[in-house]
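You are given structure tokens for the same protein chain in two forms, set apart as structure 1 and structure 2.
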Structure 1
Amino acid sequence: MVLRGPVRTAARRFAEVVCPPGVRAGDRTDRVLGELELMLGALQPTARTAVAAVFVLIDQAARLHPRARGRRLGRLDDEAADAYLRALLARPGTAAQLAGRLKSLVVMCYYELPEARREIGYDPDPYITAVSRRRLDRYSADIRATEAGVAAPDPWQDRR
């Protein structure tokens, strides 16, 4: 799914506000949106449409927030945008729930970026390579024997 027009604008501003400030470095926001598009592609069509609508709704509903003075989220400065989303997320009810789910989805996409992972000290690939090699070094005979037995006959011996 490709985010276009007002939905993309709304999603972009939402991502800038909910993700850590590092999202603004380089092309990270675009890449978060790219990851988000892929995630939306995995949803059912009705859910995709609903997500797009919620982005636009959140953008427009900012107009009702006292500090927004009638402006939508995309037009708010960082402080006002942050205050609006804080208020929205803290309000009990469905609106907060929907906004919360979108926030989860977007920040998940952010923490998939390799540099965001590195910045928090998560670098699993060399570790996985090392422990996988150790596994093969230590247990290869047993592993080979088990793999070879996957299709071995195993009929029930007794009759009930």
Structure 2
Amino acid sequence: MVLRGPVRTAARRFAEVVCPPGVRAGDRTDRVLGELELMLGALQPTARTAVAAVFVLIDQAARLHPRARGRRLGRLDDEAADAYLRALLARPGTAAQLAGRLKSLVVMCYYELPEARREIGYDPDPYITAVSRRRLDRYSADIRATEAGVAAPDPWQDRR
């Protein structure tokens, strides 16, 4: 799914507000939106449409926030945008739950960026390598036996 028009504008501004300040460095915001597009592409079409609608709804609903003075999220300065989203996330109800889930999704996309991972010291590769080696050592005999059983001729095939 490619984010376009008002949905992209709303998602961009949303990401700038909910992600760490590093999101504005270089082309990170565009890359976060690229990750978001990949995530949304894995959803059913109805779910993608719903996510897009929630972005636009959050963008337009900012007009009702007192500090927005009738402006949508995409037009708010950083301070007003942050105040609006904090107020939205703090209130009870469905709107806050939807905004919270979108925030989680967008922030997760931010931390998929290699430089964001490096900044927080997250490097899963050594762990993955160690676990893979340990599992292979522990289960290699079972794996070979299963593979041999799968590759063996079917004993029922000759009984026809």
Partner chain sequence: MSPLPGLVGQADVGGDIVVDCGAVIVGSGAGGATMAAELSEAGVDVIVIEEGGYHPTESFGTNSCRALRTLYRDGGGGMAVGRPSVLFAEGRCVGGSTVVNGGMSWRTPARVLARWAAGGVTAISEPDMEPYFARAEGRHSVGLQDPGTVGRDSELFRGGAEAKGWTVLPNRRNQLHCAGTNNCTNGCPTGAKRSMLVTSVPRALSLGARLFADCRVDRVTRSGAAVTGVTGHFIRQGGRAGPRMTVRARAVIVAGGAVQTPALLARSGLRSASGTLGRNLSLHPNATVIAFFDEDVTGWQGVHQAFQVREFTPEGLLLTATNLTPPMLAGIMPGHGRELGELMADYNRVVTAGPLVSDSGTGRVRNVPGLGAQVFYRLTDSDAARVVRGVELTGQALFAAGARRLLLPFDGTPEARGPGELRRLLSRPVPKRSIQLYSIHLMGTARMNDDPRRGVTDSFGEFHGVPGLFVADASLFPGPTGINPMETVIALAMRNARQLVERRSRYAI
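Numbers given to residues start at 1 and step along the sequence of structure 1. Superpose the two forms; the largest set of C-alphas matching within 1.5 Å is the rigid core. Computed from a predicted model, the values in this text were never measured in an experiment.
Visitor: Identify which of the two structures, 1 or 2, is the form predicted in complex with its partner chain.
Guide: Looking at both copies of the chain, structure 1 is the one that matches the description.
Visitor: Taking the rigid core as the superposition reference, indicate whether the CA of G149 shifts 2 angstroms or more between the two structures.
Guide: Yes, G149 moves 2 Å or more.
Visitor: Once the rigid core is matched, what's the CA displacement of L136 between the two structures in angstrom?
Guide: That residue's C-alpha is offset by 7.6 Å.
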